[in-house]
Each structure stands twice: as structure tokens, then as C-alpha cells.
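What follows is a single chain, given as C-alpha cells, in the form predicted on its own.
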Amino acid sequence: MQELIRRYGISLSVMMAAMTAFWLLALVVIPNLVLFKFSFRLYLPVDQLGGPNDVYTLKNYVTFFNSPIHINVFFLTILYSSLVTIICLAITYPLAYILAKVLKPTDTATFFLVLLIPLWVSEILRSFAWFIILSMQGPLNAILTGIGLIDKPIRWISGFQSVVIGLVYAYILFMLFPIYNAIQALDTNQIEASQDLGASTWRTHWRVVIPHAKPGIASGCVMVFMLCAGSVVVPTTLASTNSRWFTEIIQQWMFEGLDWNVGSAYAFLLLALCILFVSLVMRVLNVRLVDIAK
């Protein structure tokens, strides 16, 4: 806070702190506390609210554990969210290194502009675009059939493969930017010194680049996993009948079944596992929360 006051002055610093506190309290903390309270209350008719049946209970959470289908969907959501995170990391790490240490700054700016253009379009439109691309009579099958790679159209929108493709496309930049920022902060002389001492490219990355980029990698993994696990638009648009996402079940409880209590319990189970994933990533990469927040 002292550094903030020194840089921006007391008035502007207080205003920034107040706006941040309002955002955290009004849009994050209070709504989640209300949902947390709902998750321990029963869904009752209006005339029974405040009556003898309106008590705190674990019944909403028991509903989840008594549903094998919902448990299966829950763990499949976590599994495929983790898969998307790994794919995004595998794609973006070499790309981030090339952008930060290989390309010229002018070329990097142009490349980032090209990457950012799709973000000008809403996620819903991008998901529908992928639905058209992956459809049986879509451009992807037409191109693959035209160049002779496949004999007949492939049913891409089947299982979780279309959801994985859509999620990778939607959130890959959230992995790229933190890793790029972390690698860009690395002194190039350290990389050159490693190479001069005879280290191979792989060893240079393992011993020099990756340790420095760990906060960016952790931040990217956390953001991509959380966004994937909590995504609604992409799974709803690209999923097939045998590839449900856990957020769809939460949405059905809340907006179709109008049972916010069970929906709240399901949402907090998902939040708890996401927090566990964040803690696991921090432990594996040996980084602190303050490092991820940088």
C-alpha cells in the first residue's frame, strides 16, 4: 500500500483500493456467501420458509453423492478440464518462448495482434463458429475429404473431442500471456551462458527457462483450468448427447428445476475441487499465491 501511495498519491490510491474492495465484496464475496448459505437450506414452498422445515441440512450435498450419473459427469469435467490445461501448456510454452526470445519486438507485436483479433468476437459466436466447422458437412470435413486425408466425413461433434477443441481455442491465450510475460522477464544472457557452457536446448529450458517461468506457468494453468471447469457456453454449444459438462447440471438445477439450493451445493463442490487443483499446482511447481498474482 505504501508503494501504491508513493506512486499514485493518497487520493487515487484510496479510490483504487475502494473500487477493488467493492468489486471483491459486492460481486464475489457476498454472492458466494449467499449461495453457500442456500446450499445448506432445503428448497421449500414460500409458505414454509421460516417454518419448522426450514433448517440447515446436508441433504443437498447428499443428493450429489446419491447420483452416480452426476458424480461421473463431475469427474469427467475435471478430467477433461485438466486435459485442456495440459494441451494449452504444451502448445503455448514453445510459442511463448519464440515470441519472447526469438522474434523481433515488431514481429511479436504483429503476432499478438493476430492472436487478439478473435477475442473481439463474443465467446458465443466463436462457439457457434466451431460448431459449423466441426459439423458433418462443415468446412473441416470438406477440406480433409478434398485433399484425400479421409474417405468419408468424421463425426467430430461426438463425445468430448469437440468440447476439448472448443475449450482449447477459447482459453489458450489465457495460458500464453502469463508464460510470455514470465519468459520475457528472463535475462537473455542467462540463456546464452547456459548454451556457452555446453548445455543442450532441452537442458537449458529445464534448468534455466522453466524455473524462471514457473509463476507464469502456474498462473496460466490455474486460469485455464478454472475457466474450463466453469465454462457453460462452449460445452452447451459443442457437446453431444454423451458428453455433458458439470456446469450444465448446475444450470439445470437453478434455471430449469428452480432449485437454487441443490444447484448451490453442486456449485460449491466444483469450487472446492478447483481450489484443491490450485493448491496442487502451487505445490507441484513450488510457487506461492503472491507469485501467481504478479
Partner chain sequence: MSEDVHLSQICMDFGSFRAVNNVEVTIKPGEFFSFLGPSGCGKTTILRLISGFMEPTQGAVKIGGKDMKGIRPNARPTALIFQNLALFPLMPVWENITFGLEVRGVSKEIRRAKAEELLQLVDLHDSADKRVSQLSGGQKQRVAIARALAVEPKVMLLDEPLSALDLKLRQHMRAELRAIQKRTGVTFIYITHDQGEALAMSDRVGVMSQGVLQQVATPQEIYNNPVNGFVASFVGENNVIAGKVTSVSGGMAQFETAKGSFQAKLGAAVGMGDEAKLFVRPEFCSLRPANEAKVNSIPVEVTEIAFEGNFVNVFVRDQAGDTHMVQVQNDPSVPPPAPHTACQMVFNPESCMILSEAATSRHGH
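Not measured: the values here are computed from a predicted model. Positions refer to the first chain, counted from 1.
Here the subject shifts to the form predicted together with its partner chain, a form of this protein not shown in this document.
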{"item": "Its partner chain in the model of the complex: contacted by all of Glu192, Arg203 and Val208, heavy atom 4.5 Å", "value": "yes"}
{"item": "Contact label in the model of the complex: Ile150 to its partner chain, heavy atom within 4.5 Å", "value": "no"}
{"item": "Close approach of Gly198 to its partner chain in the model of the complex, 4.5 Å, heavy atom", "value": "yes"}
{"item": "Contact of His212 with its partner chain in the model of the complex (heavy atom, 4.5 Å)", "value": "yes"}
{"item": "Which of 183-191, 86-94, 114-122, 166-174 sits within 4.5 Å of its partner chain in the model of the complex, heavy atom basis", "value": "183-191"}
{"item": "Neighbours of its partner chain in the model of the complex among 113-141 [non-hydrogen atom within 4.5 angstroms]", "value": "none"}
